[in-house]
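In the form predicted alone, a lone chain appears below as structure tokens.
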Amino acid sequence: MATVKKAGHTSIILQFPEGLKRNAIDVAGDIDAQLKDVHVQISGEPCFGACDLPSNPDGLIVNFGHYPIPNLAHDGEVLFIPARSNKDPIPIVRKVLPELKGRVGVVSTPQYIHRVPDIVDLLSDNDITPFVSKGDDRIFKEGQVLGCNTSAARAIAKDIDIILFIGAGDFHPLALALGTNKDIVIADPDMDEIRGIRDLKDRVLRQRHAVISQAKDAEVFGVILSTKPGQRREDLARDIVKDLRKAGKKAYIVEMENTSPQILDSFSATAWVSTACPRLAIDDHLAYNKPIITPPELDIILGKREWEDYIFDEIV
């Protein structure tokens, strides 16, 4: 509240990721009760991260659940309020200690990144050598990984034997496995579970091989260009169009904010290359009737990269 009062904002947009939207009305009510002269509204659009902000150039955007992306400029002032988990990760890390040895890279997401120093101390006390890196300019905290950026892990990959991921879900560990080619151990405080990612990695690679094979024979490509500032890779999209046309394909950029099977099926493209969030091609491919590939996967089709050199698409 002090930030809003000090800046003199009269308009606030509250933005929540899907898991926190159930709290949105209560939070808006609290702000309304304390700031009578401020207009408060809630963004109902999906929020995929700090790369995906609404526009409020004359007011304030409050983004819950994420840290900022340092190298990303915003349209107006943004207040980021990361969602820290109330689960203590130390017990599950203690359980995973027997599976760790040698040099271990430590990474996490905003829910647990504040506990990385404690985890590093625990590993060191148990004769394990921890490594933590800041990553590139898209990364806010040491050891932080995004679904579209594993630079904090890639920076230390040559120095480590294994990566310890503290957090929930499988997409970030999958990105780590594909981005570093290292074994990943997941310590999940939410599920109180220790698991690996090798089987999922192999299954996803088989799926991606099939999708690339489908797209290889396509003659008309749509190149998805996101309107979201943190996902907008316009130069890359233009280069892709040039490469496809040079290879004798028809290719056109299609700009959109969000994608759906209905939107893509409206076009005559027989395959798509996504320069938006990498999760679009990996997570949601079964929902689409036409193959969606990533820029590195297109390189395989065009003969610029071998399948054995497969890499995960990242926004860096």
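The first residue of the sequence shown is number 1, and the count goes up from there. Values in this document were obtained by computation on a predicted structure and should not be read as measured data.
Not pictured, yet referred to below: the form predicted in complex with a further copy of the same chain.
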query: Which of these residues, Leu280, Val62, Cys47, Ala269, gets a heavy atom within 4.5 Å of a further copy of the same chain in the predicted bound form?
result: Ala269
In the predicted bound form, the one of Glu77, Glu142, Asp190, Glu234 near a further copy of the same chain [non-hydrogen atom within 4.5 angstroms]: Glu234
message: Gly248 versus a further copy of the same chain, in the predicted bound form: is there a non-hydrogen atom within 4.5 Å?
response: no
Non-hydrogen atom contact Asp284 with a further copy of the same chain in the predicted bound form at 4.5 angstroms: no
query: Using heavy atoms and a 4.5 Å limit, would one call Leu97 a contact residue for a further copy of the same chain in the predicted bound form?
result: no
- prompt: Even though a further copy of the same chain is not shown here, does Arg22 get within 4.5 Å of it in the predicted bound form, heavy atoms only?
  reply: yes
message: Whether Ser133, Trp307 and Val316 jointly form a contact site for a further copy of the same chain in the predicted bound form is the question; each needs a heavy atom within 4.5 Å.
response: no
message: Within 4.5 Å, heavy atoms only, one stretch in 107-115, 234-242, 179-187, 148-156 touches a further copy of the same chain in the predicted bound form. Which?
response: 234-242
statement: Near a further copy of the same chain in the predicted bound form, with a heavy atom at 4.5 Å or closer, the residues from 12-34 are Ile13, Glu18, Lys21, Arg22, Ala24, Ile25, Asp26, Ala28, Gly29, Asp32
